[in-house]
Ligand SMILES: Cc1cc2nc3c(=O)[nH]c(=O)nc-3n(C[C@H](O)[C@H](O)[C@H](O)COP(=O)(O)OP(=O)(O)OC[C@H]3O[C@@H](n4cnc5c(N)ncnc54)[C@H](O)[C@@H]3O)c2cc1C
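The chain below stands alone and is given as structure tokens, in the form predicted alone.
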Amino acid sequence: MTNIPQLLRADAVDTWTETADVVVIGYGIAGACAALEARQAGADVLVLERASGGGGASALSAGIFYLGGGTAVQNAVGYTDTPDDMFNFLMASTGAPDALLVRRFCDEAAGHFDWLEAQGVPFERTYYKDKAVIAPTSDCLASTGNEKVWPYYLFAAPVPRGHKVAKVGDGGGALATNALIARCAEAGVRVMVDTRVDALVCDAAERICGVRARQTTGEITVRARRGVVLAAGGFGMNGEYMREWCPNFPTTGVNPIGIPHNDGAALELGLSAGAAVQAMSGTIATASFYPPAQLIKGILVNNRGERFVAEDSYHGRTAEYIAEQPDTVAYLVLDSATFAYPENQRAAHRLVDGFETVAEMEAALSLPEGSLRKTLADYNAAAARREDPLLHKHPDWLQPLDKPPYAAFEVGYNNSMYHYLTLGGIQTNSNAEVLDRHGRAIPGFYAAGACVSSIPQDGKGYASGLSLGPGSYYGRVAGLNAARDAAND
């Protein structure tokens, strides 16, 4: 059962230990952007961070920001993108319930890229053309979603929108957060670390006007003259909350991504103020079977010997479809022309064996008699015509699997390792205001980052960068609007 702390009343606070114009809870990418934007707007800003330093789960990421609409990098490498195309794609693919929130992000995404770069976040003017979960190079632009996957390319011209921080391989998230935190320090943002906020404070008019927090030396209360911004992460590290909010999520072969403090404490604070939540069962899991990209030319089948997802889908989309299969079982089937070992060592995909015939493989995998033979025969006939009438796999990845010997890898949750993030959280609007259960903004209360449900609602509609991109952008919106909110004065 979700633990909801008591909402404190301001008239019960004897003495305010600290006072600031804007109080930011959490110092990951969203919190840093909120603090910096509020400070640049002239507000006195105090960040309260539960850990001993900033960065949060954002610092553990690859540093990919989903941005478009004609960014400087897109233009430099020859891709034409528009806010309309970006909006149309995101609305079609993500299931986002708030078109105004998506529209604002798309309209300002290119400008947000410029802002990030101006704060010292490094990006190259380069493009990584191969299919990979994370570009192994320092290249910036890459396709990180379902833009070329049917039916989404029917809604908008497919262009790459993943912008990775200039770092070879993984780890760009730390570069980004370090740059923003350094800029916050230069701007005069005040920070208290090892400080856990355990309650919000409201005034007689039901405005959020402060917080209570605990430090090693005791309890403190902090008054917010203008607003409070909540940016303290998701709940993936809380097994009890995962069982409560994501009851259908697999319980084997899964491992959360994040830091220990991603335990739902931000969600608890939001609920204490009467915040609405949405997409609480939404997750993005990944155990990508590619790279190498040639593996996409294979087929994925369940334990009925049936294909169930286009193999060129974004790996998070594929992962969610695998989770929906009987017993979460799935196999990647290859022939000698497409065979390679998956390079994603963290996924731990196991080679079942090699087989001289499809019938032999079918029997070894305990699939219904004739099922895999029919699936493969139908697929090969269509692939020879550069078609996939069943699942509409893009022609770039269509190739008959007709060159024995054959091989199968186990890629289901029963034998692989999937890493996941939660996507559900507090509901906000396009001004980053926290909404109550009636859709009304809670005065003085703003939120951004992994503690909110933003644009992607589940793994099927996710794209790499849809955490850092909207999280950083709406962190800025939250900080600026909190800085301009003078009602608590």
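Just so you know, these numbers come straight off a predicted model, no measurement behind them. From 1 onward, residues are counted along the sequence shown.
Form predicted in complex with the named molecule: not shown, discussed below.
Test of understanding: in the model of the complex, would residue 466 fall inside 4.5 Å of the named molecule by heavy atoms? It does: once the named molecule is placed as it appears in the model of the complex, residue 466 has a heavy atom within 4.5 Å of it.
Looking in the model of the complex, any heavy atom of residue 27 within 4.5 Å of the named molecule? Contact with the named molecule, yes.
Give a yes or no for residue 103: in the model of the complex, does one of its heavy atoms lie within 4.5 Å of a heavy atom belonging to the named molecule? Close contact is absent here: in the model of the complex, residue 103 is far from the named molecule, nothing within 4.5 Å, heavy atoms only.
So, residue 37 and the named molecule: in the model of the complex, are they within 4.5 Å at any heavy atom pair? It does not: once the named molecule is placed as it appears in the model of the complex, residue 37 has no heavy atom within 4.5 Å of it.
Looking at 57, 455, 46, 442, which is the one with a non-hydrogen atom within 4.5 Å of the named molecule in the model of the complex? In short, 57.
Contact assignment for the named molecule in the model of the complex, among 424, 459, 63, 69, heavy atom within 4.5 Å: In short, 63.
For a quick test of understanding: in the model of the complex, does each of 51, 265 and 450 have a heavy atom within 4.5 Å of the named molecule? Checking in the model of the complex: 51, 265 and 450 are all within 4.5 Å of the named molecule.
To test your reading of this chain, name the stretch in 366 to 374, 324 to 332, 287 to 295, 257 to 265 whose heavy atoms come within 4.5 Å of the named molecule in the model of the complex. Every other range fails; the passing one is 257 to 265.
Using a 4.5 Å cut-off on heavy atoms, what residues in 184 to 209 are near the named molecule in the model of the complex? If the 4.5 Å heavy-atom criterion is applied to the named molecule in the model of the complex, 184 to 209 yields 195, 196, 197.
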